[in-house]
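Okay, so here's just one chain, in structure tokens, the form predicted alone.
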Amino acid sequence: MVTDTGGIDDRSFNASSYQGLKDAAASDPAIVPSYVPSTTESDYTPNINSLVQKGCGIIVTVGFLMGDATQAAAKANPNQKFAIVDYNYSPPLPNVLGLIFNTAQAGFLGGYLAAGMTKTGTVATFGGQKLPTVTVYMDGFYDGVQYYNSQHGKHVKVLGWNEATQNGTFTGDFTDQSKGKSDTLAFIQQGADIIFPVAGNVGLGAAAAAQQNGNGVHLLWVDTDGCVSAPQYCSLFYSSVVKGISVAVAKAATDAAKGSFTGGNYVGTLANNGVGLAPYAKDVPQSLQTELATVKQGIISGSIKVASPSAPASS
């Protein structure tokens, strides 16, 4: 695996991806996982090429920003198998499996949950970088709040993102926790009591700000179950908006080892359990949980529309 710049311990998509390789190795001793870290974007190409030279059974690259480097390596090495998290190619490449996730669907549930739990009537979200794989979460979150408002006659406000203009708050990277902390403190000053950071490790700064505030501010975590990946802040999480990266990566590695790997694209959705919400905090009322279950089924059936310009087509 080649990590993105967030690093192997980002408590987000890099960590989840590597967990997938470790899970695959646990089920098949022939699979031996390893990774090379990327410190900057200029590391992507040499890191990928170093693993090509090693003759890896499959090379997993992590993140939207690695799309070009992965495509170049795949075309130059047509017999090498690749999987890439959060990127898909159109038309698909025969030796690359794109692992993509319709997180607008899960983000919608997160927004509905936040709107149902806020006591101030204001919630907030921010991203690391303005990438489709980030804004797709924010679109869903924004829409979920609006849907809650329409169903309950409320006027919960969303700070940090405007879906109509596709503009909002971004820290500029996925590593600087101080930026996440300062943005979160600014949101709190504007009345937000639930924060949804879509920014990998930067989100830990948001959690630190919420903890420091100590005035009933909560969060939704992203990508992974925050109570597992950042347990020190578990008491602050109402839930997490998750995507099944580790399961998808494990299957790609296992298929490669068995000789059944095929390129193309996998799309995780609510319907196939590729995205969803982590277990709720104990203070989320059962009545709201029941509403969320109904909303989830509505999204799956198509009676509730979740639209985002960054959402992948279902597969």
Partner chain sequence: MTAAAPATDPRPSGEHPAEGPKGFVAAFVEAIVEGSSTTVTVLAVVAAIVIGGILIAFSDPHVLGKMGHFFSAPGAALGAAWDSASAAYSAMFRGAIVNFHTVSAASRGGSVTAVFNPISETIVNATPLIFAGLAVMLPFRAGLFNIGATGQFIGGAIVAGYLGFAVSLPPFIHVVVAVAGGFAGGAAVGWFVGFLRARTGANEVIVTIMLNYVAEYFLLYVLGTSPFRRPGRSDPITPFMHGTARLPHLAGASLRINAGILVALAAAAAVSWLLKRSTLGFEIRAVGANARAARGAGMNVERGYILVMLIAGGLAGLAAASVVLGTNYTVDPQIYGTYGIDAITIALLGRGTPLGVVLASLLYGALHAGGVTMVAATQTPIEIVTVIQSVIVLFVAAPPLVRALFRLRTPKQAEAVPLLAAPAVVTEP
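Bear in mind that the values here come from a model prediction, so they are computed numbers and not experimental data. Numbering follows the first chain given and starts at 1.
Here the subject shifts to the form predicted in complex with the partner chain, a form of this protein not shown in this document.
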Would you mind picking out the stretch of 22-30, 63-71, 249-257, 277-285 that comes within 4.5 angstroms of the partner chain in the predicted complex, counting non-hydrogen atoms? 63-71
Any non-hydrogen atom of residue 75 within 4.5 angstroms of the partner chain in the predicted complex: no
Taking any heavy atom pair closer than or equal to 4.5 Å as contact, tell me whether residue 179 reaches the partner chain in the predicted complex. yes
With heavy atoms only and a cut-off of 4.5 Å, decide whether residue 50 touches the partner chain in the predicted complex. yes
Can any non-hydrogen atom of residue 266 be found within 4.5 angstroms of the partner chain in the predicted complex? no
Considering 117, 131, 186, 159, which brings a non-hydrogen atom within 4.5 Å of the partner chain in the predicted complex? 131
Pick out the residues of 36-58 whose heavy atoms come within 4.5 Å of the partner chain in the predicted complex. 36, 37, 40, 41, 42, 45, 46, 47, 50, 51, 53, 54
